[in-house]
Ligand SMILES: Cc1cc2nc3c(=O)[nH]c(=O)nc-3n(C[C@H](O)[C@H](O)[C@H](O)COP(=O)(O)OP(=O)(O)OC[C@H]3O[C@@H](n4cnc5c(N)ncnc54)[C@H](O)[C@@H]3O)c2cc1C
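Encoded as C-alpha cells, the following chain is the form predicted on its own, with no partner shown.
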C-alpha cells in the first residue's frame, strides 16, 4: 500500500481508515492517541478475537488486584469516542484474512500482545502437574480459552507448590494460591474458580528465583502484598539477602531494588505458624528437572551464584524440593498472526524501531506495531502509552507525507464479517456482557462475576438484542 506518488489526503468526508488489531491496553492507547490528535481525520476499528475488550487488564491482572484492575474504567472511556468502533469476536486469519482486512483500511496497527509462555527447557517439564503461569492465570481470570480440566486436575493434588520465576506474575500466582477462600470471595473470579481454589489442598508455596533478590523483576507494591495475606506467612532465608559487591551497587543505584530489599529484610524474622501456609521466597536456585512418574512429585534445583555479568551460574550443589504442582513463570513471547512476519527468537514483529513493520528487511507501507508484539513483554500497563504514541507518530507522519494511500470506497468491515457468517461484537454488545456480569455478581453479593465461556458471553449479547 505504498503510493507511487502523493496520496490523496484524508478529510472529514473520507477519514484515514485504521484497523488496530488487539483491544488490550496497547490497542486502546493506540486508538486513543489517534482519536486525540486533530491533524489527520481518522476512523478506527479496534478488532479483537475475544468478545470482550481490555486484554491482559481483564485476563492477566490477578482478580484480587481490585485497584489495578480498575484501570479498565479508564480504558473504557476511550471506547466511547465517536471515531472509534470496537469490533470483538473477530479472529484475523479465521474470520477474515489479513489481506482482506487491508482492503477495508488504509493502515493496520498490530497490538495483539505476547500470549505464549516461555519454557524452562528441562526434563520432566511436560509431566502432569507442570503448568505455565499463562494457563493458570487464564483460568483464574476467566479467559474463554482456558483449559479448565487441565488446571483443575493439577490443583486437585497440589499440596506443595513451586512457582519458578520472580516477576510480578509469579508473585500473583503464589499469592492467589495462598489466599484464603474468604479473601477471594469478593473478587470477580468465575464461581468454578473460587470453588476449585477453596478445595485445593495447598499446604506450602515456594517462589523460586534463579538469581538473587537484587536481580528480581517484581515491583515493590506486588512484593508487599504478600505480607498482607490473612492465611499465609512469608519466609525468607537471611543468607539470600547477603549481597555481593555488584548487587550492593545495583541496590544503591536502583530505588526499586533498594525498596524490595527493605521489604524482604522485614520478613527474615518470620517463622512458620500453625494453620498458616508458609510462602517461601527462595533465591539463587535454578530448576534442573521435574521428578515423578505419571505426575510431578518433586523439583530438582541447583544452587547458583551471580557472576559479574549478572548471570546465574551453577555451583553443583543440588537438592530436591517436594512439589505436586510446578508453575513456570519465566516470560511471555509473541506468536505469528497469519500473514504477518515474526522474529522467532524475540517473539516480536520486525520493525524499524518506531513501529513501522518490516517485511524481508523492507518497510511495509501501512503496517505498524505497538505494545508487547513490538518491544517484547516488558514494562507495566502504563508503559504501553508512550509506546503507542511513538507508533502513532510514525503513522501520522506517513499519512502527512503521503506515504499512506487513502483508498476509495470499500464495503463496511462489520457488514462484510456478518455476510461471511461471523458474529462481531460491537460496543453496545460489550455493554450487554458487562451488565450480565454485574447482574451475575449481584446474585452472590459481588460487584461482578466474570463470564468465562465464549458461548455465555455471546448469549448475553443475543439476550440483550431480543429485548
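Owing to the predicted nature of the structure, the values given are computational and were not obtained by experimental measurement. Positions refer to the first chain, counted from 1.
Only in words, not in the display: the form predicted together with the ligand, which the text now covers.
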In the model of the complex, which of 394 to 402, 46 to 54, 33 to 41, 427 to 435 comes within 4.5 Å of the ligand (heavy atoms)?
-> 46 to 54
Residue (of 129, 298, 167, 113) lying close to the ligand in the model of the complex, criterion heavy atoms within 4.5 Å | 113
The one residue among 68, 414, 422, 442 placing a heavy atom within 4.5 Å of the ligand in the model of the complex is 68
Is the ligand close enough to 23, 61 and 337 in the model of the complex that each of the three has a heavy atom within 4.5 Å of it?
-> yes
Would you check, heavy atoms only and a 4.5 Å threshold, whether residue 368 touches the ligand in the model of the complex?
-> no
Using the partner position in the model of the complex, report whether residue 92 sits within 4.5 Å of the ligand, counting heavy atoms only.
-> yes
Does the ligand come within 4.5 Å of any heavy atom of residue 384 in the model of the complex?
-> yes
Mark residue 155 yes when one of its heavy atoms lies within 4.5 Å of a heavy atom of the ligand in the model of the complex, and no otherwise.
-> no
